[in-house]
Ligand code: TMP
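Okay, here we've got a single chain as structure tokens, the form predicted alone, with questions on binding and movement later.
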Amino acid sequence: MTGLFISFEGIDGAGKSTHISALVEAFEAQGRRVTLTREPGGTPLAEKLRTLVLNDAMEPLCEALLMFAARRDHLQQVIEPALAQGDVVLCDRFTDATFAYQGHGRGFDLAVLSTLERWVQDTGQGIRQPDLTLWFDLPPAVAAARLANARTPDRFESESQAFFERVAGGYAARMKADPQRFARIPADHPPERVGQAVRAALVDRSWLSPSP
């Protein structure tokens, strides 16, 4: 089978995790092998870099370089081999998050990020991007209410609502630049409706059969 690469994007509190798990079950029920992974992370090296990025203070260029270093290792060690053997790769965040958080949230140079994207994601046959990106679009104020007292916040979760407004704008800009790749999921709806919208995006592409 042809491999599929699906990324899940959205600000913290958007509720991606529940729906990622549901898609794992849905694909496996249809006989597909699934590789479930995340960014930053997914390999031993990338997980170490994740710990640094989420907890240690650093300037924006260092942060962006660590994100792309983790991504390169992740692509080479996990994503590309899984796609080559026909897996469905479900990834909690990918490069759109870097443009949204480091680019729009932090205000880092988008042109530099685009250069890093081309360097890091070059497979020799093109620039690796997800076949589909599910963007869980949630108002930052709603996300903040969901996360209140949920856990000790990391360096990103501790940012202001204004920061997350910019991040949300970054996701919207990425979708505008590549609308065919994105499916916007209104994440402020009840979980059942969100799940239906997620599945519908896969059914529309004939990657999943309709629910019974």
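This is a predicted model, so every value here is computed, not measured. Start at 1 and count along the sequence shown; that's the residue number.
There is another form of the same protein, the form predicted in complex with this ligand; it is not shown, and what comes next is about it.
M67 is the sole member of M67, A143, A168, I185 with a non-hydrogen atom lying within 4.5 angstroms of this ligand in the model of the complex. Taking a 4.5 Å heavy atom cutoff to this ligand in the model of the complex, the contact residue among R93, R72, R128, H104 is R93. When this ligand is considered in the model of the complex, R181 lies well away from it, no heavy atom lying within 4.5 Å. Not displayed here, this ligand is approached by P40 to within 4.5 Å at the level of heavy atoms in the model of the complex. Contact check for T98: a heavy atom falls within 4.5 Å of this ligand in the model of the complex. This ligand is not drawn, but in the model of the complex it has no heavy atom within 4.5 Å of R32. Every residue in the set K16, R50 and F156 has a non-hydrogen atom no more than 4.5 Å from this ligand in the model of the complex.
This chain is displayed without this ligand, yet in the model of the complex the stretch 85-93 from 132-140, 118-126, 72-80, 85-93 comes within 4.5 Å of it by heavy atoms.
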